[in-house]
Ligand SMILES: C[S@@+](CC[C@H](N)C(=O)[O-])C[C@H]1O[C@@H](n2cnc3c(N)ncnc32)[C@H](O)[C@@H]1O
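One chain comes next, on its own, written out as structure tokens in the form predicted on its own.
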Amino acid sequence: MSTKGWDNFWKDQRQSFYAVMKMATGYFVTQLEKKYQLQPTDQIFDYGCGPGFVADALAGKHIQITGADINEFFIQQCRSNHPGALFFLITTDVATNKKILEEQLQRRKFDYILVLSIVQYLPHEKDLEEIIRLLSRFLQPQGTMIIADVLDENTSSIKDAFSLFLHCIRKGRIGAFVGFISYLLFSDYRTISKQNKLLHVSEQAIRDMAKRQELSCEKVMGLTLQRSRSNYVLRHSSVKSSV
């Protein structure tokens, strides 16, 4: 039996459940703007940017977007759609990415660092903590790191699917939802998900990671369409969080 993992799956993707991903990311960006009142001077680093849906959603708002992803096709697409922004290729190895980020970012600091919908595809919790440790080096002293769309013990696939279904109805995109469900059931995604369970990370585990990295941690609601998933805001410990 093939043991292809999530890292190889996402490296190879071109379309997958593209329409629903784009809608879900657009919803996230809308909530992000409302909650944090993004300013044109803000600089955002989208770690795991995929095809650049965050950049697409913020196009025309003059907010500087930087992105990184393991998928070369996605990075090329981002560069084509946003030629004035920096998008670069990373790997699944954090030690290698440390060198890549230092070279590409050259000590830049960001107001917002986004880690959206990638945690579930990591092999272990320790990989998430390594990513947090790495990205915190590039966060402004008053900056915000958002770890969004995290699966945990309260996550329900049925509730998540229903949330997406209702959003697709409101947007008049039932076809996108049908395509999404069909992809989950009949593509390589289903096969790989049987071999590589999606990673679930508890709230306490996230808080412990943040504490070890000397970051504050706040759980926030309503950032993503999938209502049974969790979202966390991490900041340097000098900036207090709600517990």
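In case it trips you up, residue 1 is the first one in the sequence shown, and so on. Bear in mind that the values here come from a model prediction, so they are computed numbers and not experimental data.
Although not depicted, the form predicted together with this ligand is the subject of the following passage.
Participant: Note which of I132, L139, I90, I146 lies within 4.5 Å of this ligand in the predicted bound form, where distance is taken over heavy atoms; exactly one does.
Facilitator: Of the listed residues, the single hit is I90.
Participant: Which of these stretches, 194-202, 213-221, 34-42, 66-74, has heavy atoms within 4.5 Å of this ligand in the predicted bound form?
Facilitator: The contacting stretch here is 66-74.
Participant: Using heavy atoms only and a 4.5 Å cut-off, decide whether all three of Y27, F165 and A176 touch this ligand in the predicted bound form.
Facilitator: Judged in the predicted bound form, none of Y27, F165 and A176 sits within 4.5 Å of this ligand.
Participant: Although this ligand is absent from this view, report whether A85 comes within 4.5 Å of it in the predicted bound form, heavy atoms only.
Facilitator: Outside the cut-off, so no.
Participant: Would L225 show up as a contact with this ligand in the predicted bound form if we use heavy atoms at 4.5 Å?
Facilitator: No - in the predicted bound form, heavy atoms of L225 and this ligand never come within 4.5 Å of each other.
Participant: In the predicted bound form, is there a heavy atom of this ligand that lies within 4.5 Å of any heavy atom of L122, even though the partner is absent here?
Facilitator: Contact with this ligand, yes.
Participant: Is the gap between I206 and this ligand in the predicted bound form 4.5 Å or less for some heavy atom pair?
Facilitator: Although this ligand is absent here, I206 would stay clear of it in the predicted bound form, with no heavy atoms inside 4.5 Å.
Participant: Going by this ligand in the predicted bound form, which residues of 99-126 come within 4.5 Å of it through any heavy atom?
Facilitator: The stretch touches the partner through L116, S117, I118, Y121, L122.
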